[in-house]
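There is one chain below, alone, in structure tokens, taken in the form predicted alone.
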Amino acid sequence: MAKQWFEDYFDEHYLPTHGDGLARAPGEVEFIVTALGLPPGSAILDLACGHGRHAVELAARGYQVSGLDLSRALLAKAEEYARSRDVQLELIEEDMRRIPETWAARFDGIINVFTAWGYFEQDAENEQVIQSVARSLKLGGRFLLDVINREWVIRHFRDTQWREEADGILALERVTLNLRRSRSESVRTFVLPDGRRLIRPVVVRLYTLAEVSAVFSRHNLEITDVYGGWSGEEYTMDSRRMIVVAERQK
């Protein structure tokens, strides 16, 4: 079977071309803690934890944190960052569709942020992630999902974007919206300071709030709150983010 785009995307070039987001992490974690309403000591899973910017910050605040990610390169960074902050993390290299069954009913809270959901080719595969999340939560446990808002993408669509990073990296993105399948299909080209070019495809399923609600309901996750950004603002069609908080009912 051919590799899927995300299997190679999050390699050693990811942080230099995207930034580490460490400066934003404390504010985002403050929002996460408030939205989940969980006291320190609670068990939290950072699903698709990447280099650990949220996982480490949560651990530093006294939470018992596990992180799961498919990228060995980013998990190594997470481990290094945890050591630098003198905190303990449980880290596992795994596909998010396959949260270990031994983790059933283990977590008080699970987070999945920065549009790390919707990567898979089939809707059933994306739903499998939610099924695994529900299985891994304790009864009454809470799940926070943060994704790009489909309505914002459509209302503010641009087929070509480019930016220049402070370290001299140029980034160009060409985007196609596949409205039949509700997917953003893009090709990102990064020009490194030494002249090398990295060309990376990215395909993400864009979900409406109604679709998210339907998927959650099938797995006994009841939505309690919806936000339009990391400041806790109201969710609207012009919100760039869709942050959904749900609770496992049974």
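Being a predicted model, the structure only gives us computed values, none of them experimental. Residue positions are given as counts along the sequence shown, with the first one as 1.
Here the subject shifts to the form predicted in complex with a small molecule, a form of this protein not shown in this document.
Chemist: Only one of 64-72, 35-43, 221-229, 199-207 gets a heavy atom within 4.5 Å of the small molecule in the predicted bound form; which is it?
Modeler: One stretch meets the cut-off, namely 64-72.
Chemist: Looking at the small molecule in the predicted bound form, do all three of 31, 58 and 143 come within 4.5 Å of it through at least one heavy atom?
Modeler: Result no, not one residue of the spot touches the small molecule.
Chemist: Just one of 94, 125, 79, 90 has a heavy atom within 4.5 angstroms of the small molecule in the predicted bound form, so which one?
Modeler: So the residue touching the small molecule in the predicted bound form, by this definition, is 94.
Chemist: Would residue 116 show up as a contact with the small molecule in the predicted bound form if we use heavy atoms at 4.5 Å?
Modeler: Residue 116: yes, in contact with the small molecule in the predicted bound form.
Chemist: Please determine whether residue 48 contacts the small molecule in the predicted bound form, using a 4.5 Å cut-off between heavy atoms.
Modeler: Residue 48 belongs to the contact set for the small molecule.
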